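Here's a solo chain for you in structure tokens, the form predicted on its own.
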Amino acid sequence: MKTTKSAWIIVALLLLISLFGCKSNDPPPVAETEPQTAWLFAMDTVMQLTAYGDNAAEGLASAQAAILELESLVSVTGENSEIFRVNSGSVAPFAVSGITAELLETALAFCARTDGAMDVSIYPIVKAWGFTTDAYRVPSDAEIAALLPLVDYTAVDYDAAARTVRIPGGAQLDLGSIAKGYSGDLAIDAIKSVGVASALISLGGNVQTLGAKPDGSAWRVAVQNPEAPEDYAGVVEVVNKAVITSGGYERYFVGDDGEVYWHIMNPATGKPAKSGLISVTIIGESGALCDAMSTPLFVMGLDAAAGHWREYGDFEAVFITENHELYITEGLEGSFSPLGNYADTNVTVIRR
């Protein structure tokens, strides 16, 4: 079986086009100083954190510690993590720490909000496809059918008052669909807490910004071209926002049958989501929200995703379809520009 994946083609790609430009209504600039930058490897990805101004180094150190602490608590493979121990079933109900409890409660709320298009109990399915070990395989329909009853977020017994978790036998939790975005929120809060007003962090495919660039202009964050991940499909200008993308190009393999199988699973079928979308980028104030929304909207498909945006209105989005179409929600008019192979593509604006 031939295996392929983007392997985060170029951390530099997602480390953005943070280019020029200042508008008259941009936030006031912070003091011009040399940026402080920190690198770390966590949550199976290379991360870069950059901050400007006084106390930047202190803020970055705190941000790194916050990310690593969260990983130690919710990793599905770390044998000392709380989620690993919940999944082992050795203690039930299992008492979790405040951070894990908050993240799990938030994740379950998004599972309900998306009617299960996001499901924190999808781990047995993801594991069956080999995406947890890189030992890729196409499970049989019978194997998938046997595992699907375990995929049911409503069966997770979480007691908010006692902060305990109990799951059915054989079920396993994975908070990967929201943990990286949540860690970005923790990192931004840590950097902000020491008085830093301008920062940019790239957590693999997740980008989060604090304030504006030091010169007062907006950050320009690239959106990868899902058909050629070494290129860009567009750029979005943001201030104090998270920009998070889910795409089939991020991790996939080619089966012996010649089919491409990516890691974004449809919880209803136990198979890679085929919705007509190949990339979903969410822009909003919360990294946890953006991370939690990018995957289920990919699963839903364009029409349902647009309906979800109209219903909730707490994020903006860029959708790219398998037919090379570009859609943006109306809040991005004037701040999104197509690039590269999409430069001449008509951009359709989704309105309320």
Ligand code: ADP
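Numbering starts at 1 and follows the sequence shown. All figures in this text were calculated on a predicted structure; none of them were measured in a lab.
The same protein also has a form predicted in complex with ligand ADP, omitted here; what follows describes it.
J.: Tell me, which of 225, 100, 246, 198 has a heavy atom within 4.5 angstroms of ligand ADP in the model of the complex?
T.: Of the candidates 225, 100, 246, 198, 246 is the one lying within 4.5 Å of ligand ADP in the model of the complex.
J.: Looking at 279, 209, 172, 206 here, can you tell me which has any non-hydrogen atom within 4.5 angstroms of ligand ADP in the model of the complex?
T.: Of 279, 209, 172, 206, the residue with a heavy atom within 4.5 Å of ligand ADP in the model of the complex is 206.
J.: Is residue 265 one of the residues lying within 4.5 Å of ligand ADP in the model of the complex, judged by heavy atom distances?
T.: Taking the distances in the model of the complex, the answer for residue 265 is yes, it comes within 4.5 Å of ligand ADP.
J.: Using the partner position in the model of the complex, report whether residue 221 sits within 4.5 Å of ligand ADP, counting heavy atoms only.
T.: Residue 221: no contact with ligand ADP in the model of the complex.
J.: Even though the partner isn't displayed, in the model of the complex is residue 234 close enough to ligand ADP, meaning a heavy atom within 4.5 Å?
T.: Because no heavy atom of residue 234 falls inside 4.5 Å of ligand ADP in the model of the complex, the answer is no.
J.: Can you tell me whether residue 294 touches ligand ADP? I mean in the model of the complex, with a 4.5 angstroms heavy atom cut-off.
T.: Yes, residue 294 is a contact residue.
J.: At 4.5 angstroms, heavy atoms only, are 283, 302 and 308 all close to ligand ADP in the model of the complex?
T.: No, the whole trio is out of contact, none within 4.5 Å by any heavy atom.
J.: In the model of the complex, which of the stretches 121-129, 139-147, 67-75, 153-161 has residues with heavy atoms within 4.5 Å of ligand ADP?
T.: Among the candidates, contact is made by 121-129.
J.: Scan 159-177 and write down, in order along the chain, each residue with a heavy atom lying within 4.5 Å of ligand ADP in the model of the complex.
T.: The stretch 159-177, when checked against ligand ADP in the model of the complex, contributes 174, 176, 177 at the 4.5 Å heavy-atom cut-off.
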